[in-house]
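What follows is a single chain, given as C-alpha cells, in the form predicted alone.
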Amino acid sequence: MKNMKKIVALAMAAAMTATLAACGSSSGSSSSSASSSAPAAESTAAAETTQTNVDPAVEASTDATATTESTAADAQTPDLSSDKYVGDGVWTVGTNATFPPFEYIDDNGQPTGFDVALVQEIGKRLGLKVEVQDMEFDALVASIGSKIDAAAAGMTVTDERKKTVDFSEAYYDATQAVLVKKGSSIKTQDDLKNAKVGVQLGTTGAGIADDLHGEGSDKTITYNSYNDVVQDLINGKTDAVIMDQVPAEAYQSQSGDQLEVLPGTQFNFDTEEYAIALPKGDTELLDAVNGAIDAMKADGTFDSLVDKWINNYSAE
C-alpha cells in the first residue's frame, strides 16, 4: 500500500510540473488545435530520444495528459458519422460560379471564390471532405437533400426558401443594385419600370423585376447565368441588370469601363442576408455548420477570408 501511495504521489507531482510548464508558454495561444499539437508531438519525440530511465509513475502521468489533450481536440469536431447527408464524410455543396467574388471559375476551370473558401474551411473544421458542384442557380434549392447536401451561392435568406430548406446563420449583408451601360438614362425606379431588365432565374433580382413589370412581362428577360445576363447588357439587348451590389461591381470592373453600377438605395431596395442553405430538419448538421462559422468569426479566420476574397478581389 505504501508503494501504491508513493506512485500516486509521484504521479500528482509530475502532473503539477507539467501544468506549470504549460502555463509558462503563451505563444500560439490563438492557433488551431491541429497546429498546436505539432510542437507537442515534436517535444514527445525528443523526450523519447533523450530519456532512457523513465519513472513508471511519471510515464503514466504523461500518457494520461496526452489522452486528455487528444480527447479535448476530438471534442471540438462534432461526430457527424450518423448524419443522413454527410455520414460518409463527404459534404457536397452546390454553387453557381457566375457570381464573383463569391463564386466564379478560376484559370483551371474550377469553382472558386469566397463561398467556396468558406465551405472548404467549414468542412475542414467538421472533418468533412468538401466537393463543390457548379450548377444552375435556379436548381440549387430543389437539389438540396438529393443531389447536393448544401448550397453556398450568395443565396439570400427568404421566407419562400425557408419552406424548403434550413439556413445557417447569416454571414453577409447585401443589397441589390442596378447595372447599366455607361451613360444610361436610367436613374429611378420609374425608369426601370419602362426598361428591359435582365435577371438570373431564381434570384431576388428576378423577384424585384416581377414586382416592377408584373410576373411574366416581356420587359423582364431571364437567364440561367449572370455571365449571359451581363453580356446581353453590353451588347444592347437589355437596358439594365438587377443583381447584388458586390458582384455588380465585379462585372463592372471586368467590362473595361463599359458599365456603371447604380446603388440600390436609388431604387429603394432592401438589405438582404446571405446564408448557407441546408437540408430541412437536419439540426445536427445545421448546428455543426453554425458552430464552425461562429468559431471562424471568433478566431479571425472569417475576417481573413472576407479580406482576401471580397475586399481585395481583382477581376480575372
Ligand code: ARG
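Numbering starts at 1 and runs along the sequence shown. If you're wondering where the values come from, they're calculated on a predicted model, not measured in any experiment.
Quick note: we don't show the form predicted together with arginine (ARG), though the next part is all about it.
- [ ] Using heavy atoms only and a 4.5 Å cut-off, determine which of T238, T112, T203, T220 is in contact with arginine (ARG) in the model of the complex.
- [x] Selected residue: T203.
TODO: Identify which of V93, L179, M155, V229 has a heavy atom within 4.5 Å of arginine (ARG) in the model of the complex; exactly one of them does.
DONE: Going through each option in turn, the one that passes is M155.
Open item on the list: Among the candidate stretches 121-129, 184-192, 147-155, 210-218, which one is within 4.5 Å of arginine (ARG) in the model of the complex when only heavy atoms are counted?
Closed with: Among the candidates, contact is made by 147-155.
Task: Partner contact for R161 in the model of the complex: arginine (ARG), 4.5 angstroms, heavy atom - done: Output for R161 is yes: heavy atoms within 4.5 Å of arginine (ARG).
Open item on the list: Using a 4.5 angstroms cut-off on non-hydrogen atoms, would F269 count as touching arginine (ARG) in the model of the complex?
Closed with: No, no contact at 4.5 Å.
Open item on the list: Can you confirm whether E103, F137 and D244, the three residues that make up this candidate site, all sit within 4.5 Å of arginine (ARG) in the model of the complex, judged by heavy atoms?
Closed with: Checking in the model of the complex: E103, F137 and D244 are all within 4.5 Å of arginine (ARG).
TODO: Could you list which residues of 273-304 come within 4.5 Å of arginine (ARG) in the model of the complex, counting heavy atoms only?
DONE: Stretch hits: a single one, Y274.
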